[in-house]
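In the block that follows, a single chain appears as C-alpha cells, in the form predicted alone.
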C-alpha cells in the first residue's frame, strides 16, 4: 500500500499528459488517464504501461477519472479549456484541480489577456474546487523521455498556499523543482512566459527551453 495520492490526468492522451503520467507512475504514483472517450483513454494507458513495463496506469472517461482521483490535472488544449472545466464541475467538487493551460496560439503565440485560465476555471467551478495553476512552461516532449533528468522548475499559483504545497509535492515526485509564486491572477504572467519560451526555441536553435530559478 502507498499513501501517495491517486492522480487523474484529464484530457491526458496528448504529449503533456502522457509525459506527466509516465513521470508519476515511474515514481510509484497511481495514475489515471482521462479522455472524453473511454477507448482512447484505455489505448493511451496501454501504450504507457508498455513503456513502463508494468500495468500501473489506468484509462477512464474524464468524469469517472475525476471522481476516482485525489488530485486532478487538466491538460486539454486551450480551445477546449472552458468546455472541459464546465463539463466536469460536479465531478471535481471537493478536489484539487491543477490547471496546466497556457492560452497561446500557434504559429505566432502572444501573451493572453487576463483573466488567467486558472482564474477562469476557479470562477466556473466555485469554492468547492481548489484550483492550482502549474506546468504551463514545461516542454511536453521532454517529459516523455524518462532517461533524461528534467532540469526544469515549475511555477505554481494558487489562492491558498496549502493547496500549492500539495501540488508542489507532486511536482517534486515527478522529478522537478517547484516554487509558489502567488495567487491565480499571477498565472496570467506564467501563461505569457510560454510564448517567450516558444520564441526562444525558434530564434536560438533550442529544442526544450524551460524555466530555471537561480539566486541565493
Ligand SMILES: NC(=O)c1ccc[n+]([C@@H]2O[C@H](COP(=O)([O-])OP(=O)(O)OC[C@H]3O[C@@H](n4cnc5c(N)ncnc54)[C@H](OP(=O)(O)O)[C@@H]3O)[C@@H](O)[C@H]2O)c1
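Residue numbers count along the first chain shown, from 1. Just so we're clear, the structure is a prediction, and the values are computed from it rather than from any experiment.
Beyond what is shown, the protein has a form predicted together with the named molecule; the following relates to that form.
- Heavy atom within 4.5 Å of the named molecule in the predicted bound form: which of 121, 92, 138, 98? Only one option qualifies, and that one is 138.
- Consider residue 77 of the chain shown here, and say whether it contacts the named molecule in the predicted bound form, taking contact as heavy atoms within 4.5 Å. Looking in the predicted bound form, residue contacts with the named molecule include residue 77, since a heavy atom lies within 4.5 Å.
- Find out whether any non-hydrogen atom of residue 14 is located within 4.5 angstroms of the named molecule in the predicted bound form, and reply yes or no. Because a heavy atom of residue 14 falls inside 4.5 Å of the named molecule in the predicted bound form, the answer is yes.
- in the predicted bound form, does residue 102 have a heavy atom within 4.5 Å of the named molecule? Yes.
- Query: Any chance residue 35 has a heavy atom within 4.5 Å of the named molecule in the predicted bound form?
  - Reply: Yes, residue 35 lies within 4.5 Å of the named molecule in the predicted bound form.
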